[in-house]
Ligand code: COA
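One chain comes next, on its own, written as structure tokens: the form predicted on its own.
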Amino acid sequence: MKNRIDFNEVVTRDGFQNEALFIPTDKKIELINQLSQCGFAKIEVTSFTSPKAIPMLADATEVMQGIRRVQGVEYTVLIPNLRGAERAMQVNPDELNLVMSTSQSHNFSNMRMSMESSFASLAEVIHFVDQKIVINVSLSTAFGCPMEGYVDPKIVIDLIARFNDLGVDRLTICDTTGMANPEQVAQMAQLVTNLFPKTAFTFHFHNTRGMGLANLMSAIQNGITQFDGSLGGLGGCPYAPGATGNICSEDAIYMTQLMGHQTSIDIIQLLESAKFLETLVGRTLPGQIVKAGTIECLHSVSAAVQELMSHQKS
């Protein structure tokens, strides 16, 4: 029996944070409301970072207050520090997603501090929340750093253990800059699930080097059942040169459905949201299924071919 695969949608945070033009607040809310009807396990709505750092998400409070929440969908927000957590707690998210990098260079680029300082800052948030809300920790650059190269899995394992000690049992392993390959993903998946069997792991892939879906399949084959994706493949990392978008949600979801996995996602409804997203950003996005349609979308045989076929039969 095939595994159930759960998908989290991150486009309105991870996708929108890189956009040059501000997406109006009401349009963000409209898109999230559409996505809420598609069957996602979780939607990462926004980020409570400094508006100066990420101006595209300066309306985080307004967006969280404006969305229609659907039962069974978790609405999560990214939190960089205690100040962000204090703001976020005012709008009652279902989960706080804390983030730090597994390489010093990327952590300084992204968080403006050392890894150890980031860990201390996130520990402060965890103690502040004090189990009033679910915590997820996302470990960025877990497969490779664009400044330092390969990241030793021991660093990732050590951080998972330290966050487990603080009571965190949800962690996301992030290929922030698309440096992972399927063999590396298989090794990481086996390692974390064997060492931390009670921890719920999400894997987060980018398609920077065209290996996003291959990495997703490798993770599935090695026991991972929860993934992040971004509608249309929108996104990337603003602190890593050349780090283009996340894996495309609709492409990844449709692939897993065709292979017999249950996802609970309405792919047709999701494709409509992908088309709406393209109108918001004003350009064609990398997603392929929205262009080609599902394999059930068959085409009529042309009159010329019909005539040729009739002659062939005779």
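Here the structure is a predicted model, which is why all the values come from computation and not from measurement. All residue numbers are counted from 1 along the displayed sequence.
Beyond the structure shown, there is the form predicted together with the named molecule, which is absent from this document and is the topic of what follows.
In the predicted complex, every residue of the candidate spot (13, 81 and 99) has a heavy atom lying within 4.5 Å of the named molecule. Picking from 262-270, 283-291, 245-253, 49-57 the stretch near the named molecule in the predicted complex, with a 4.5 Å limit on heavy atoms, gives 49-57. Checked against the named molecule in the predicted complex, the candidates 184, 208, 110, 104 yield a single residue with a heavy atom inside 4.5 Å, and that residue is 110. Using a 4.5 Å cutoff between non-hydrogen atoms, residue 87 counts as a contact of the named molecule in the predicted complex.
In the predicted complex, the named molecule lies within 4.5 angstroms of a heavy atom of only one residue of 16-34, namely 17.
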